[in-house]
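Here's a solo chain for you in structure tokens, the form predicted on its own.
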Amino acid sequence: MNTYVEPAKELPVYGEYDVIVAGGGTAGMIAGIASARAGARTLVVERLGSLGGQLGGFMNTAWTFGDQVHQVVKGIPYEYFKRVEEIGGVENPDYAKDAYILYDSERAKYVITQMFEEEKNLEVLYLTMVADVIKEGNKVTGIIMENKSGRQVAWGKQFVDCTGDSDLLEFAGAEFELLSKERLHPVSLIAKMGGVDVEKVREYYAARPELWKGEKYLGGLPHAGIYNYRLHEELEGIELPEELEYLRDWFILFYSTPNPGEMVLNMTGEIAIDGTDAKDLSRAEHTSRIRLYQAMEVFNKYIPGFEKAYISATAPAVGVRESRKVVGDIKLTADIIMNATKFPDAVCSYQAPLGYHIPDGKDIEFRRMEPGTAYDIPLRCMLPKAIDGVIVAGRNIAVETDAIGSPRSISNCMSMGQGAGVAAALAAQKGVEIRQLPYKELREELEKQNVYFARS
């Protein structure tokens, strides 16, 4: 490969902070608020023009807030969703028992913007990519950012990597895991469908309970709205053009939102995508958009209630389920999760079905935990080996590929973000590394922020 040596130049310093959060998505937005509330001057750097990542990217469902008996996601994530609920953006939630919380993504983005405005120690920089890190020895001390203003430096005492792809770790030379792309979970570009006769859809499936696969998909857990999965039985006996034949067995979810006449189309967009490779991501964006319109054609022709439906909007970026993951002192496994394992350095507790998206893009395998149980997310699966100054939160924690489907859920990413934000703030204020932070002090601050911890 040809290379070019870039001439050295002086970069302006944007600012100095106690904590810098790279990525303002599901985990990063909560990390920023948690850090600021713990007293740290905090900057969140976000590549898109809004906060929330896939939460604001039309996902419209947040997996469980409870363990089927008790509510387990509390703290800032619950405060946030209650505020969305207050303005009509959450549909009939049971935070202890529902399989997911159904919400409106636009009101969700509005509320998080409000919450950022209210925090005096918090600043956000949109449309900005982290391009590199600055280190002293093995400690990250600054980041190089790039945006319309050019390249700039921001100095920090501690950093939270909420990029999803562990970008800070890669720039810092930290050890991470990235599976071959043939083994990675598929990616999805989510779309909103307008013009749906939701009541007609409901009546169609109510009259044909054998087609109501959404209930099986969710393992019988309660939920709000309409939720269904795959189109195999609906298309039985129908001749499809060859280019649409794959849709019979493709991974397709479609579900309602709190808005009238609207449903979400969440389907496999592309397989074998390395979320850290720009060329792969570009292919995924193209292929996913084509497949969304192919699926829409099938819905229009063959599923009652969708005759006049149309794609009203697509998410700002394709959703990647798995890419670079930190190598920590602990790695979460399916057994650790299913056995509701507790850890002495927990930053939160969680329960959600353990979902594994098959790499071929056609299906998902689910395992459900026992009602009333929850597992811990330990600090040690969020801290990189041999690199100081950085903690990760989100889907880039240390976790096996067949176990990632539960901890990378929106509601848990938010809880992990709160844990990481508080840990980074306390370490910055005390002038120590996060791994040196007395756990008792971290736990006390997390409990002060109303984070839930399951008991053994």
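Fair warning: this is a prediction, and the values are worked out from it, not measured in the lab. Numbering starts at 1 and follows the sequence shown.
One more form of this protein should be noted, the form predicted together with a small molecule, which is absent from this view; the next part is about it.
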| Taking heavy atoms only, is M59 within 4.5 angstroms of the small molecule in the predicted bound form? | yes
| Heavy atoms within 4.5 Å of the small molecule in the predicted bound form: does S349 have any? | no
| Looking at the partner-bound form in the predicted bound form, is Y100 within 4.5 Å of the small molecule by any heavy atom? | yes
| task | Report whether the minimum heavy atom distance between T257 and the small molecule in the predicted bound form is within 4.5 Å. | result | no
| the small molecule isn't shown here, but in the predicted bound form, which of 158 to 166, 327 to 335, 378 to 386, 89 to 97 has heavy atoms within 4.5 Å of it? | 158 to 166
| said: So the small molecule isn't shown here. In the predicted bound form, which residue out of L43, L55, A428, A36 has a non-hydrogen atom within 4.5 Å of it? | reply: L55
| message | Can you work out which of V153, L221, L354, V130 has a heavy atom no more than 4.5 Å from the small molecule in the predicted bound form? | response | V130
